[in-house]
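The chain that follows stands alone, in the form predicted alone, written as structure tokens.
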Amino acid sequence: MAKKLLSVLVATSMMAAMLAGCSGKAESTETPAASTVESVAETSTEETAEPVEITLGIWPEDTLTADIEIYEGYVETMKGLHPEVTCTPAYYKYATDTFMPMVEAKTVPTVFETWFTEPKKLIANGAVADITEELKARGWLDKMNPSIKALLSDDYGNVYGVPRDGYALGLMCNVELFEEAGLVDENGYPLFPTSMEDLAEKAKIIKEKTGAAGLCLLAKDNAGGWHFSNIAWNFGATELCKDNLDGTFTANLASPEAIKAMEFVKSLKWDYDVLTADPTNEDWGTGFMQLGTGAAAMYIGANDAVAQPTQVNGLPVDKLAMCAIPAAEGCDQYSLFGGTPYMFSKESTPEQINAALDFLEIIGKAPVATDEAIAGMKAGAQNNVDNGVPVISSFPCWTAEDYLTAQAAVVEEYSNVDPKMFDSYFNATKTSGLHPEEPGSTQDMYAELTKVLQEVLTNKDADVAALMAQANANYQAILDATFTK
């Protein structure tokens, strides 16, 4: 029931956000600070407020210099609006093995990003701040997608985070390699794979005609299991973990459908020989590097990561395309829906939480359509244009109509790609095929699946059924130890 509700709600909100389409060309615009700081400084009502310092764990990584410049502009805007607030940059990448030690050491940034699989665990461990009252005072509680709010809430309805954005996994394609392999239509659009079997065949053609890997598959860390879960659903294994609705869960990794999906992955290595040299050394970042540099033609990715193959790894903006992850013959198509929430250090004061929420407004990641918020959206879009990153629709996690309208208008104004390069992807993710990540201890499930991936991709004689049975037993033991009735 919860899965169906999530798919319906997300699909409905996506439909509203995508009505504007993708057309037009962006003109040069000013940084967010340039047009707003002077005016907001004059109207700030907090001249006598006590000093507040917040640590921005959402700061761009050092290599993204253009993004850092944009964020510095946001900080200038923040100074104008809230001169009592000092913003300290602190790039932070969430990791399951280091976060709790940071909580104990009280070094968690005021605001940080994680994944939708994590909030329930962090809330249960008392590791993040309750921000219900701050959201209520701003009128944001009723503007959040109800299913997303549920992911960020405890059993009593208290809310501990806000969504940055949502995503759905698709298949990213290097159009240059499709062209070189002759896999384009008369208009130059890629001939996207229409089934898992077709994906393997097209990957083989690409490998034979270009020398590049047809597909980059991950098998290094939990991202391997994350990607595999979407492959498994498209082979009919749509419930890898069963919610027993009594506080417990049942592992379901050894179903015939899941085994068939893993056998398919094994065949990509040993029968088709279309993968990169060593998938056990491929992680989320190297996958985008392989795609962006032309070492691989296809890679599972999401709409919120289009900067990775382009800006970060050099693929021209007009040579990236996306399609749906195809289903196996006779199976329904599914796209994994997930997202990134902002959460807050448990050590944060109400004043710090409010200051961090103010900053989210300025960068256009809050359900408001103020001049400053729209300026933040436009600055981000212009930054994408300037750095060769596709400006495409996002998956809204908020339901505020004025915010969604403003967001869609910015995408339309700054669009820098041919929408037909992304139609297959967006058409698929508007349907009921959106599938939330599995319940239970999801990251542990991913870890167990990655172990199987590593074995089948390094051992031609690996017994897939036996490996999946062992992974299922391991995962069930974790579930039993973690959850009780």
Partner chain sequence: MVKKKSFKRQDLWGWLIMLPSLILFGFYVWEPLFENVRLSLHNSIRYEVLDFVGFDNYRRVLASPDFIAAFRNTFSYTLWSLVIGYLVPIFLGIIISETVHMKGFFRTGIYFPNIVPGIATIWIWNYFFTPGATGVLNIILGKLGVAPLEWLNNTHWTIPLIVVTMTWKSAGSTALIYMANISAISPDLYEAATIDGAGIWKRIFHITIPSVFSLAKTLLILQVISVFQILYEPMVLKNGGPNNASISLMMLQYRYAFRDFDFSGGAALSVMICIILIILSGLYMKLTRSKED
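Numbering follows the first chain given and starts at 1. Computed from a predicted structure; not experimentally measured.
There is another form of the same protein, the form predicted in complex with the partner chain; it is not shown, and what comes next is about it.
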Inset, instruction - Using the partner position in the predicted bound form, report whether G247 sits within 4.5 Å of the partner chain, counting heavy atoms only. - result: no
Inset, instruction - May I ask you to check whether I259 falls inside a 4.5 Å heavy atom distance of the partner chain in the predicted bound form? - result: no
Inset, instruction - Would you please decide whether V464 lies within 4.5 angstroms of the partner chain in the predicted bound form, comparing each non-hydrogen atom pair? - result: no
Inset, instruction - Give a yes or no for K209: in the predicted bound form, does one of its heavy atoms lie within 4.5 Å of a heavy atom belonging to the partner chain? - result: no
Legend entry - Candidate site N125, K346 and D444: all three near the partner chain in the predicted bound form by heavy atom within 4.5 Å: yes
Inset, instruction - Look at the stretches 89 to 97, 383 to 391, 157 to 165, 350 to 358 and give the one with heavy atoms within 4.5 Å of the partner chain in the predicted bound form. - result: 89 to 97
Inset, instruction - Quick one: from E329, E401, D278, D371, grab the residue that has a heavy atom within 4.5 Å of the partner chain in the predicted bound form. - result: D278
Legend entry - Contact residue in the predicted bound form, chosen from K242, K121, K79, K204 - any heavy atom within 4.5 Å of the partner chain: K121
Inset, instruction - At a 4.5 angstroms cut-off on non-hydrogen atoms, which residues of 238 to 268 are near the partner chain in the predicted bound form? List them in order. - result: none
